[in-house]
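First, one chain by itself: the form predicted on its own, in structure tokens.
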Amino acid sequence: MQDRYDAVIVGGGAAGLSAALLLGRSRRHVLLCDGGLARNACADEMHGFLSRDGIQPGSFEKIARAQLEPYVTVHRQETTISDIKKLPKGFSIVLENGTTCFSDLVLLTTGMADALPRIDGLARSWGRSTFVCPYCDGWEVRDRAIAVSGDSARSGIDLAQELYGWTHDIVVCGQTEITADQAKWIERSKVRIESSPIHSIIDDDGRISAVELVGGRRISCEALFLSVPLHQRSDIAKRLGCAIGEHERIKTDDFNLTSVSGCFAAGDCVTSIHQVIVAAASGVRAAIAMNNELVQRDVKALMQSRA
């Protein structure tokens, strides 16, 4: 007999773990599918999560998983989803080992992935001294020399203006177009502009000492901040037919319900604010909405049985 769950959660990060916790406490039968490596796994520390500021991401997830153990209706598998189909009632889900299960509801917490540029040495420094989020890592490089590089969606100057609250020692690389307002800000802020893009990173075990521009010029710095495009880490939402909005984010309503009935989404895949604490809260909100949906179904089923 194939397993049937009240909810299957796809993704085992902060959003998925938080949703599993709330649904477990609601005595719902849940399968949490955790495909492994999280987006922040490369980081030495995570920040902005009250009571857990500075903790290693792996340690945070280990604590969260341990706190699911008392809830016997929550089952966690280190697996990915091979196939998923919307049925007239619920979903059919095939796991990577070939087993099939059924679920009344699905929650996608699959996250986003960074489309990183081709820069020599980036893999070594990624998450250690190369970053994308000032709120996550700006404090650690306060008052230090940093390099900044933008993309087609957000200029390096825009990112530099955000980082200016942490440090004034900034060089923007690869900036070829400057508006009049930006020129005025550059003049007054003393931020330096280099038109050549970054070719490579000079580092010692992931700790940046300089960036080398196309053409060979080196710029001393202790950190690099990038603005990079994001895309859905998983194609499950598209396979289910969920509406996708601006910047490839999954569209949801105020209750985290997607355009597909019974399919909810939470965490980084639905928002532009990528903080662990925000993802966790998003998972909680989705879990409450999902339990409310299940409650209404339970009430209807009970009324029909008494009739």
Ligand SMILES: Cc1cc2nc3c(=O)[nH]c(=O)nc-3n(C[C@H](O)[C@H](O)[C@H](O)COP(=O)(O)OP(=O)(O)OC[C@H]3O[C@@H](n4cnc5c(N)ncnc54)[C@H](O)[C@@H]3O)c2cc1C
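Note that this is a predicted model, so its numbers are computed, not measured. When you see a residue number, it is the position in the sequence shown, counting from 1.
This next part talks about the form predicted in complex with the named molecule, which is not shown.
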*Answer yes if any heavy atom of Ile250 is within 4.5 Å of a heavy atom of the named molecule in the predicted bound form; otherwise answer no.*
no
*May I ask you to state whether Arg39 is within 4.5 Å of the named molecule in the predicted bound form, using heavy atom distances?*
yes
*Check whether Gly90 has any heavy atom within 4.5 Å of a heavy atom of the named molecule in the predicted bound form, and answer yes or no.*
no
_Contact flag, Ala287 vs the named molecule in the predicted bound form, heavy atom cut 4.5 Å_ = no
_Considering non-hydrogen atoms and a 4.5 Å limit, which listed residue (Ala210, Ile193, Ile81, Cys101) is close to the named molecule in the predicted bound form?_
Ile81
*asked:* I need to confirm a contact call. Of Arg124, His75, Arg233, His199, which residue comes within 4.5 Å of the named molecule in the predicted bound form, counting heavy atoms only?
replied: Arg233
_Among 241-249, 66-74, 261-269, 23-31, the region lying within 4.5 Å of the named molecule in the predicted bound form by heavy atom distance_ = 261-269
*May I ask whether Asp120, Gly174 and Arg217 each come within 4.5 Å of the named molecule in the predicted bound form, counting any non-hydrogen atom?*
no
*Contact set, 131-154 vs the named molecule in the predicted bound form - heavy atom within 4.5 angstroms*: Val132, Cys136, Asp137
